[in-house]
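Below you'll find only one chain, the form predicted alone, shown as structure tokens.
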């Protein structure tokens, strides 16, 4: 795109704020909207143009990214009071990057198309560090030509695009990827908990991982400090991962596919959220891995 079009962002959490900043760095005219006031003030300090509503954002943007928590939040910013789809959006493109379930994604696409709006299903992989470094991987579901049209804009926020298929398949792929992350996290937490129970320094686990060509990976390295120093500032919150794990579990049931390990991960994460750790990093699930007082265990 020689003349970069104006773009908009709805949702200014850890991911959405950094994505908007990166688009601005790449030379796009960026406008933003967030439902809560504190993040709007932060956006203003960052030099982003803040508008009063999602529908107002549609008036000044050719492409609009939605990055919010869950289907109910997407529903609110699309069709709620002064929602995006209440504006004249014909010919504009909605890029849905939130992690949802596939049925919800298809429903939102249908509603956008009814307003003559183009739709890309495009969740992302990566967490706080990757989004700040514009190193996300974008998982796109939708029309080839539409993806190609917005490729420069998408790559202002990430390093690559994987075309997963039709609308809905970007979301399906994201759940497959987050399934791996959820199970890797709980495996690592259980490993650290078992080391402690055996009076073994957990650092030894990471020493081995760092030297293992099979098991060493960037994700384990990223989570090392959190687990060794018990620092659980959220790069990806436990509550949000639990939401995604529930989507995975339901997707398996929808397709009559048993996912027994994912179900066990779900129960563990639900226990940790019940204990009050939902807003901490997902590695805080380790806090519920404690020796039992039941002698039969």
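Residue numbers count along the first chain shown, from 1. What you see is a predicted model; the values in this text were computed from it and never measured.
One more form of this protein should be noted, the form predicted in complex with a small molecule, which is absent from this view; the next part is about it.
- Across the proposed site, 193, 265 and 285 without exception lack any heavy atom within 4.5 Å of the small molecule in the predicted bound form.
- Checked against the small molecule in the predicted bound form, the candidates 148, 207, 166, 76 yield a single residue with a heavy atom inside 4.5 Å, and that residue is 76.
- The closest non-hydrogen atom of residue 245 lies beyond 4.5 Å of the small molecule in the predicted bound form.
- Although the partner is absent from this view, residue 12 contacts the small molecule in the predicted bound form, with a non-hydrogen atom inside 4.5 angstroms.
- Contact check for residue 124: a heavy atom falls within 4.5 Å of the small molecule in the predicted bound form.
- Residue contact check for residue 240: one or more of its heavy atoms lie within 4.5 Å of the small molecule in the predicted bound form.
- Considering the small molecule in the predicted bound form, the lone stretch of 76 to 84, 106 to 114, 193 to 201, 156 to 164 in range is 76 to 84 [heavy atom distance within 4.5 Å].
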